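In structure tokens, the next block holds one chain alone, the form predicted on its own.
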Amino acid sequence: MNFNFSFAIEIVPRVLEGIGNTVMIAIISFIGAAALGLFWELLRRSHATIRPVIQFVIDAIRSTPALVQIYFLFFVLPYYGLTLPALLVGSFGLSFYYSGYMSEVFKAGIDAVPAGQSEAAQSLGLSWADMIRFVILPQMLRNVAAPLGAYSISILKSTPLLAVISVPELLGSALDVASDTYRYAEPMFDVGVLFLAMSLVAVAGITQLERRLGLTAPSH
């Protein structure tokens, strides 16, 4: 069966039915991963006694495949009485998985803040929480903007994993078209082009943000 470009264009509206969920999941998962990743890192720094435990949790998150974690949340947790909607499970699964990576981003961002800033805050009598809130975090955010932007694109490209638990995102919509028409090449082609377009838009936005933050030199 030859590739039919006209058919690929014809089915675009049906494939696009899942783009809203794809974008929503990517945004929710990014926010969740960033919040949870920052939580892991602050918890890891809060007390030396729990640092090895938190480090083990972070390593465990990063060392297991995202798909396995999503399957676990969706298929195993119901055995223990916790059944959640597929979209919620998928969003939390991606947030949880990428939080392990983002915790390392925040670690590097905090480590990049000059030690003298913390010492000055302590000498002024600021508590640990106030030092993190008013001194460390504002400076750290500039350091982590670029890597967080890169992970936002990775999260976007990971949303097709949720098709395995029947979340109606882009790949799920494409698979529905394929199952109805018995043609897979064209729906997959459409999904690839759409993700390429979204990724390029995201890259352009991140590049613009980096320029505003003074992280890259403007092109001439």
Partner chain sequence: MSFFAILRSIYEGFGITAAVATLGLFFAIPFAVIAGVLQHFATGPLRWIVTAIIEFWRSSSVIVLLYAFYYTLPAFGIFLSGITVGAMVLGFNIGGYGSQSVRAALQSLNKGQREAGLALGLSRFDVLRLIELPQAITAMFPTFINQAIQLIKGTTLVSLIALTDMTFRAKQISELGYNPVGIYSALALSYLILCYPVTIFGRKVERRFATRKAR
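Treat the numbers as computed from the prediction; the structure is a model and nothing was measured. Numbering follows the first chain given and starts at 1.
Below: the form predicted in complex with the partner chain, not depicted.
**Prompt:** So, in the predicted complex, is Asp180 in contact with the partner chain at a 4.5 angstroms heavy atom limit?
**Reply:** Contact with the partner chain, no.
**Asked** Hey, in the predicted complex, is Gln55 touching the partner chain, heavy atoms inside 4.5 Å?
**Response** So Gln55 counts as contacting the partner chain.
**Prompt:** Using 4.5 Å between non-hydrogen atoms, is Phe96 touching the partner chain in the predicted complex?
**Reply:** Answer no; every heavy atom of Phe96 is more than 4.5 Å from the partner chain in the predicted complex.
**Prompt:** Should Thr49 be classed as touching the partner chain in the predicted complex when contacts are defined as heavy atoms within 4.5 Å?
**Reply:** Output for Thr49 is no: heavy atoms all beyond 4.5 Å of the partner chain.
**Prompt:** Looking at 134-142, 120-128, 70-78, 86-94, which lies within 4.5 angstroms of the partner chain in the predicted complex, counting heavy atoms?
**Reply:** Selected stretch: 70-78.
**Message:** Since the partner isn't included here, can you check whether the partner chain sits close to all of Leu38, Leu43 and Ser152 in the predicted complex (heavy atom within 4.5 Å for each)?
**Reply:** No, the whole trio is out of contact, none within 4.5 Å by any heavy atom.
**Request:** Between 29-63 and the partner chain in the predicted complex, list the residues on our side with a heavy atom within 4.5 Å.
**Result:** Residues within 4.5 Å: Gln55, Phe56, Asp59, Ala60, Arg62, Ser63.
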